[in-house]
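Below, in structure tokens: the form predicted on its own, a single chain.
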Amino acid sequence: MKLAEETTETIKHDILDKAFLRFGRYGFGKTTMAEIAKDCDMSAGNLYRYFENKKEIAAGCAQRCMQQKLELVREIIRDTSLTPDKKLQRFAMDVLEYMHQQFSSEPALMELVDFVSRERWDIVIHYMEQEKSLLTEILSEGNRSGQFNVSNVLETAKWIQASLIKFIAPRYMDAFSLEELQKEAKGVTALLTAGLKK
């Protein structure tokens, strides 16, 4: 039974890989289940065994992309060689680089973003809550080490999240160069950490 579950997850993972590539090349609107099935070397009927429809596949792609972003942040938090202020800067810079790589060369992916924003906002809310929780970890560590002086880490994490939205949301990735966004992200995080310190 466990082997069957692992095989199903592997197939689903492959479907999401192929669908994400097709969404990036042709857009969400023009992509059909039959095309995704063909990319996966399976019949459309077989594809429906794993995903109910194209919207479910799109939601899966979005969730996986968001989870990859969160894992980047978790790796930063686990890095004991970084001070809390450096972790905050790395949070902005690493997520920015990841998002720019994903979206700047594939503007058609914005159709996927639009779909999620319009019909699956619950996915975005869930991601934002997890991201905010990780930011509170950085702030709490800063308080414990004496580097930060933050009285309300939850509220402050929410404000930091809002101030960094340009560097972590896909909407801006094809509108600005990576160099321009990196320069701004460094400036904003420097300003934020200066305000957080004692």
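Start at 1 with the first residue shown and count on from there. Being a predicted model, the structure only gives us computed values, none of them experimental.
Note that the form predicted together with the DNA isn't included here; everything after this is about it.
Of these, I168, A59, L139, M42, which has a heavy atom no more than 4.5 Å from the DNA in the model of the complex?
-> By the 4.5 Å heavy-atom cutoff, the listed residue in contact is M42.
The unique member of R49, K38, K132, R64 whose heavy atoms fall within 4.5 Å of the DNA in the model of the complex = By the 4.5 Å heavy-atom cutoff, the listed residue in contact is R49.
Given that the partner is absent here, does K30 sit within 4.5 Å of the DNA in the model of the complex, heavy atoms only?
-> It does: once the DNA is placed as it appears in the model of the complex, K30 has a heavy atom within 4.5 Å of it.
Going by a heavy atom distance of 4.5 Å, is K69 a contact of the DNA in the model of the complex?
-> Contact check for K69: no, nothing within 4.5 Å of the DNA in the model of the complex.
May I ask you to check whether N149 falls inside a 4.5 Å heavy atom distance of the DNA in the model of the complex?
-> Judged by the heavy-atom cut-off of 4.5 Å, N149 is well away from the DNA in the model of the complex.
Are any of the heavy atoms in N53 no more than 4.5 Å from a heavy atom of the DNA in the model of the complex?
-> Although the DNA is absent here, N53 would touch it in the model of the complex, with heavy atoms inside 4.5 Å.
Tell me which of 152 to 160, 168 to 176, 139 to 147, 30 to 38 has residues with heavy atoms within 4.5 angstroms of the DNA in the model of the complex?
-> That would be stretch 30 to 38.
Sequence-ordered list of residues in 68 to 97 near the DNA in the model of the complex, where near means a heavy atom within 4.5 Å = Counting only heavy atoms within 4.5 Å of the DNA in the model of the complex, no residue of 68 to 97 makes contact.
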